[in-house]
Ligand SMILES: Cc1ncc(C[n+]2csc(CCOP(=O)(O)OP(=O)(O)O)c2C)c(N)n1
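Have a look below at one chain only, the form predicted alone, in structure tokens format.
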Amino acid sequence: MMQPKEPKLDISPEVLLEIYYCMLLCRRFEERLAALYKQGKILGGIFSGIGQEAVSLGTCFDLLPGDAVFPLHRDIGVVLTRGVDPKVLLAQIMGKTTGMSRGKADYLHGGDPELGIYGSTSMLGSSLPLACGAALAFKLKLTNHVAVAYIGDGGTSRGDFHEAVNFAAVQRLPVIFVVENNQYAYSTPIEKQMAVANVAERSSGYGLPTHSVGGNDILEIRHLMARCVERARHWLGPSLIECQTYRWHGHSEHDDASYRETEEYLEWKSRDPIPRYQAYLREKDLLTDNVAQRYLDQVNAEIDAALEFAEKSPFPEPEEASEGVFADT
């Protein structure tokens, strides 16, 4: 097998600013969701990924058509970055027929196979074996596509995670496991979940490269992800990337996260990935106050249009509940 070369990422001004726009869109979209939830306009729960944008963008921005992603409940950034229209995504979250599953599930369970997005279940971790299945199909068909499976720190205690990582390593599958270590499994801190320092250390015994990186630095994540993807495309096997990050909100919008210390929250919030990336762009003379305001206005307009579309879309009719449950015969 050919050894992969060091990947060369596109760092043109256009791409760097596109990444910034995507990060801003993810942040403002989720902030709008929190407001809509408080207004009673959201069906089901909202599980915020605010503060984790660097993970979503850094791990999937450079994927190719034909690659597969298996996002979790905080991975709205993955869904948007892989091409789902904000209008369709918001309609999905509001239970409308114009959403990805025609109003039959929230965004956790929704997906778009044409875009290579496969929804999860409420039993987080159950999609990791499915990601291995996709990767095995890629390998058997001799393609160079990859699968990317997302899991939280708490989910790495489930059997699905260990079985998937072990199977992927043994079969040398083209899959990358992305661990979003936001320090809490609901209200359980990381030190009460495992006796080792991090998930990467916990996983290294399965015989695959494991990495633990700062989860708020999109440049570092993007570069590491490119190396792991290049390795997978050359059929050299899986990798695991643990991103050390933090969820700003509670487990969901109804959780006030009172089990956390204020000092801890403020310390992590000071590491906000968006201002960090803004500083990089300003050093490159790519982002001025005028450009930043123009992007913010564009993002707000896009979200306003998405909300108008979703609110005008109809709810499904009761008789539609049985449609799409079984394959047509």
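Everything numeric here is computed off the predicted structure, so don't read it as measured data. One rule holds for the numbers: they count along the sequence shown, beginning at 1.
Same protein, other form: the form predicted together with the named molecule, not shown, and the subject of what follows.
Asker: Should S122 be classed as touching the named molecule in the model of the complex when contacts are defined as heavy atoms within 4.5 Å?
Answerer: Heavy-atom contact with the named molecule at 4.5 Å: present for S122.
Asker: Quick one: does D153 come within 4.5 Å of the named molecule in the model of the complex, counting heavy atoms only?
Answerer: Taking the distances in the model of the complex, the answer for D153 is yes, it comes within 4.5 Å of the named molecule.
Asker: May I ask you to check whether R202 falls inside a 4.5 Å heavy atom distance of the named molecule in the model of the complex?
Answerer: Outside the cut-off, so no.
Asker: Using a 4.5 angstroms cut-off on non-hydrogen atoms, would N182 count as touching the named molecule in the model of the complex?
Answerer: Yes.
Asker: Counting only heavy atoms and a 4.5 Å cutoff, which of 128-136, 212-220, 234-242, 72-80 contacts the named molecule in the model of the complex?
Answerer: In the other structure, the partner sits against 72-80.
Asker: K96, K104 and F315: each with a heavy atom within 4.5 Å of the named molecule in the model of the complex?
Answerer: Not one of the three qualifies.
Asker: Of these, R172, K87, H162, H251, which has a heavy atom no more than 4.5 Å from the named molecule in the model of the complex?
Answerer: It is H251.
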